[in-house]
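In the form predicted alone, a lone chain appears below as structure tokens.
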């Protein structure tokens, strides 16, 4: 077999590996270490070039905002339970991450897709939002089952407005999100809607928006799994041991 057919089996523009050499998108790793931040490196690998300082700061803010939401979040609860079952940290973190799907963890991606559909409409913005609402019962990224007003909304949108003012981003997706919020009245944007604005303004496609959320939340999942491992508790289930789930089946009966 031709050697090039073998070495070309996997092709990547992400990293060049040679003996004694590692280069990310063409930049030697020894030049990146200590010179660029983790958010800048994420951007470099996903987009191919280094971001501006302002772009990296906006990306970092979104990543920080979504890092954790407490042990009642299903993904974090699952990771903590996994940690009490004797699994390693890698297994516990994977357990939590694997719960991040369309329902728990997918609203940001869905909000980005919604923003793009409305932004690309030929209708005036207010009419485009009304048209979308008439065709969809659920608007992802708005309202929160726990917070009357998500405390992460205001600082994130404030950073986006500043980024629009200094020309870092265009503001089209921010305008769409704010018009949706205006029409929804008392239902404010949540973390998913706000980070969706940032990721869309920064030019990430919706699917990568979910990937970035998973990357962010993985930090919280890791921290919770590690904390639970330190407790020494074994086989911790979803309810305290004196409590049992409510049974709704038939009464006891003889065979």
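Residue numbers count along the first chain shown, from 1. Predicted model, so just to flag it, every value in this text is computed and none were measured.
Just so you know, the form predicted together with a further copy of the same chain exists too; it's not on screen, but the next bit is about it.
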item: Residue 91: touches a further copy of the same chain in the model of the complex, heavy atom cutoff 4.5 angstroms; value: yes
item: Distance check, residue 216 to a further copy of the same chain in the model of the complex, heavy atom within 4.5 Å; value: yes
item: Proximity of residue 145 to a further copy of the same chain in the model of the complex, heavy atoms at 4.5 Å; value: yes
item: Contact label in the model of the complex: residue 77 to a further copy of the same chain, heavy atom within 4.5 Å; value: yes
item: One stretch from 126-134, 181-189, 146-154, 112-120 that, in the model of the complex, holds residues within 4.5 Å of a further copy of the same chain by heavy atom; value: 146-154
item: Heavy atom contacts to a further copy of the same chain in the model of the complex at 4.5 Å, residues of 7-28 in sequence order; value: 7, 8, 9, 10, 11, 12, 13, 14, 15, 16, 17, 18, 19, 20, 21, 22, 23, 24, 25, 26, 27, 28
